[in-house]
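So this first bit is one chain, no partners, the form predicted on its own, shown in structure tokens.
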Amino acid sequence: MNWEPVIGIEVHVELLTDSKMFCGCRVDFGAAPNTNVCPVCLALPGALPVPNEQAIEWIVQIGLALNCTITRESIFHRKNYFYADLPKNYQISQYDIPVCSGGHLDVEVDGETVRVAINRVHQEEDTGKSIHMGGGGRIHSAEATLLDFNRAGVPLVEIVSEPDIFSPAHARSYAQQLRDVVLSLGVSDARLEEGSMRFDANVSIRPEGDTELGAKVEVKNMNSFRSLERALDFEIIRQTEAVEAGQRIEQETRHWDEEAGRTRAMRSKEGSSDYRYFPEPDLLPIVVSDEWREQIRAKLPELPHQRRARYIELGLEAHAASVLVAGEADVAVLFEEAVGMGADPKQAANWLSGETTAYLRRKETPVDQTGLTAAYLVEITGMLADGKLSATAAKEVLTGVLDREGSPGEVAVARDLIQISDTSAIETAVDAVLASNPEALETLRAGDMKPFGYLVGQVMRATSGKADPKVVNEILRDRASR
């Protein structure tokens, strides 16, 4: 029997507001522990929450970008559960009336556009952070646990998809493209390594062709796209093997162990009734008037799918357009500046989405910390078009520019990469090669062109790769015709 995985993803996004969701404490990743706390985020008796207007505006932005319906009057609830790093013993969240509901995101998967429905986007607050000392860093083996409440109360948005995802690769694409949307809005830095964007996935399997969902397992603690894909791969295989062995899939929450490459059972899966939701009595409903909603809509920037479509209209291949849109924002800015300065869009995109992107990944550095500017990109593509650089030499020049060795012209001169276009110099090199290969020349003159490529290669070798191949070809054909 063939089995089909069915996946829904919950994405948590920390917002980049200056202050927390319900108090004026600073949001500052990396600050000394417990330095950004107050009676409100520590839940001291008598402290009352005050909502952060900027956070509410940004969640409406996210909802509009994801084609959601914006609720005119939504409310906060208390979600009751105990964790040591949750000082209230409940989380202020939203339940049945979230700010945003019923949207979608169109995702590119293997060259096809697939729509993933969004169930809801709601506002809540983050918990503090537990640091387990000793053992393996997990609570069960810890000698002590330290608590840092700097993160407690940071504005958190939860984006919940419908179970419209049917493979780990599909899940990864959805998560990556959702991150692109968040970054384009500028509402979060969405840094996976710092936990400002993190994933939980609900996964089940069912016989292919069935419509009924199987028992749902929630997998938590994936903090990278690779982890998300690996965890889902493992969980789908685990569930498939268990079902085929006649075992029952338990509805539970499982932890992803990145080092071991496997999921482990944490607890039985809670239902909403376990959280004993009730309306937060200290907060009034959130009212998003039609006028405010449209003001926010008017401020929406160009979204990734819109930018991708515009780049394709400029003549870019779909892949290059996607790489530019999905890459760091400064690369796309560089592309737009270079095109504005006269660079050919396809050439500029190819150099940025190919060699430059590979360099940035290899060096793990942002483009603004390299020596590449829009003007230099224009200069490189111009030197290539003018025949001053071969394609191979242009790659070396680009690397030198990225390494801050100077302008393209300076790098090309310093590394002796300027292409030889002088006809007489190339004629000299061609004649020298032909003098050393008289049999090859006779073969050409007899009409057999098999040695032609070999002779071109010998000329390029003799000129250290600097001869213009087009001119070399012309001169060789001339000699062969005599």
Partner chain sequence: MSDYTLSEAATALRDGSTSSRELTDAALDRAAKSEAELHAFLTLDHDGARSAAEAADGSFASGRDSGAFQGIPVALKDNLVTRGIATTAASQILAGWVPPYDGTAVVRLKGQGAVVVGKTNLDEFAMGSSTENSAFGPSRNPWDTDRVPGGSSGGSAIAVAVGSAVVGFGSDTGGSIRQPAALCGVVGMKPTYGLVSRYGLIAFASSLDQIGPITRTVEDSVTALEAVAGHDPLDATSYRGDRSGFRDGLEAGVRGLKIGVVRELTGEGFEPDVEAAVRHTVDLLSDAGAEVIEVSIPSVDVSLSAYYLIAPAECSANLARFDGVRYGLRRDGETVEDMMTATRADGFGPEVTRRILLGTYALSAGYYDAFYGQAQKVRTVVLREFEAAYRQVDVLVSATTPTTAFEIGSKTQDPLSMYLSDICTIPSNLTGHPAISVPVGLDRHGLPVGFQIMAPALGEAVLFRVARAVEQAVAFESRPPRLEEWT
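Positions refer to the first chain, counted from 1. Everything quoted here is computed from the prediction, not taken from an experiment. Each form is matched to the other, and the largest set of C-alpha atoms that superpose within 1.5 Å is called the rigid core.
Keep in mind the form predicted together with the partner chain is missing from the figure; the text below concerns it.
- When contacts are judged by a 4.5 Å heavy atom cut-off, L48 counts as touching the partner chain in the model of the complex.
- Residue contact check for A329: none of its heavy atoms lie within 4.5 Å of the partner chain in the model of the complex.
- The partner chain in the model of the complex comes within 4.5 Å of no heavy atom belonging to A425.
- Proximity of P33 to the partner chain in the model of the complex falls outside the 4.5 Å heavy atom cutoff.
- The single contact residue among Y277, F234, F225, Y359, judged by any heavy atom lying within 4.5 Å of the partner chain in the model of the complex, is Y277.
- Taking a 4.5 Å heavy atom cutoff to the partner chain in the model of the complex, the contact residue among V456, A429, I56, V40 is V40.
- The stretch among 379 to 387, 292 to 300, 88 to 96, 340 to 348 whose residues place heavy atoms within 4.5 Å of the partner chain in the model of the complex is 88 to 96.
- When the rigid core is held fixed, the Cα atom of N34 travels 2 angstroms or more between this form and the one not shown.
- Relative to the superposed core, G102 undergoes a C-alpha shift smaller than 2 Å between this form and the one not shown.
- After superposition on the rigid core, the Cα atom of R293 is displaced by less than 2 Å between this form and the one not shown.
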